[in-house]
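Shown here is one chain on its own, the form predicted alone, set out as C-alpha cells.
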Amino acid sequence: MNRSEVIQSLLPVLRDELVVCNIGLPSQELHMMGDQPSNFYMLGTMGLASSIGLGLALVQEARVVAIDGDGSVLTNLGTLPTIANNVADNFTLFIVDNGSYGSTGDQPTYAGRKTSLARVAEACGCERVVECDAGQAAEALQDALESNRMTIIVCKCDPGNIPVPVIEKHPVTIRDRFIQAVRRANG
C-alpha cells in the first residue's frame, strides 16, 4: 500500500476528529478523498503539521489527529521532544512513513534507510509509540483514539504517488471553515 491508500483506509476512522494534514500531496489526497470542514489542509510550512496539531490539542478538548510524513517530521525533529514534554491525551500524530519525500518526487529520506522515527519518538520521551504497516493503519488509529492517550503512530508504507488535483479552496476559506469546525467540536 502507498500513502494514498493508507489515507483512504483512515477515512472511516476519521469521523469526529479535527484533522491537520501535511503539506503537498497528503493534503491533496485527503481533500480529494474525504473533504470536510474539520480537515485543515497545510498549503505551506513543511514540517509543521505535527506542531500545529499539538498546539490545537493543547488548547481545546476535541480529539486532534495530525497526519504527517516522514520527510516532514525529519525537517522538524524538534516536534518530537516538544510533543513528549507537552502531553495532550486528545492528540494523535499519525506519521505516514513511505521512506521518501513524496510530494517532491519520491527522493529517499533517512527514515527509509537507518533512521527509525518510532525509536526517535521513544528516545525523545513519547510514551505511547506504535509502529505498524500500511494494512494495520486504520486499526492502529482506531486503537489510539479509543485509548484516550496521546499516541504517535509510525505507519510504514510503500512510496508512490497518484495523480491528484490541487486544492482550489482559498487558504482563508480553509482556515475559516476549520475554525467553525473547532467551535462546533467544543460545543
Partner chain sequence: MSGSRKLVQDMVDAGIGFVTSVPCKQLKGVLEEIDASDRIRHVPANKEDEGMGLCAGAFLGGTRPCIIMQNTALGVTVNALATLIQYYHMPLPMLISYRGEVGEPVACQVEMAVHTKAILAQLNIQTYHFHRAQDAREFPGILRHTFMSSKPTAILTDATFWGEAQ
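Positions refer to the first chain, counted from 1. Just so we're clear, the structure is a prediction, and the values are computed from it rather than from any experiment.
As for the form predicted in complex with the partner chain, it is not shown, yet the points below apply to it.
Using a 4.5 angstroms limit between non-hydrogen atoms, residue 33 is distant from the partner chain in the predicted complex. Taking the partner from elsewhere, residue 76 is found to have a heavy atom lying within 4.5 Å of the partner chain in the predicted complex. Contact check for residue 104: no non-hydrogen atom falls within 4.5 Å of the partner chain in the predicted complex. The partner chain in the predicted complex is not approached by residue 1, whose heavy atoms all lie more than 4.5 angstroms from it. Judged against the partner chain in the predicted complex with a 4.5 angstroms heavy atom cut-off, the residues 54, 58 and 182 are in contact without exception. Just one listed stretch, out of 33 to 41, 146 to 154, 132 to 140, 115 to 123, contacts the partner chain in the predicted complex at the 4.5 Å heavy atom level, and that stretch is 33 to 41. In sequence order, 171, 172, 174, 175, 178, 179, 182 are the residues of 151 to 187 having a heavy atom within 4.5 Å of the partner chain in the predicted complex; the partner itself is omitted from this view.
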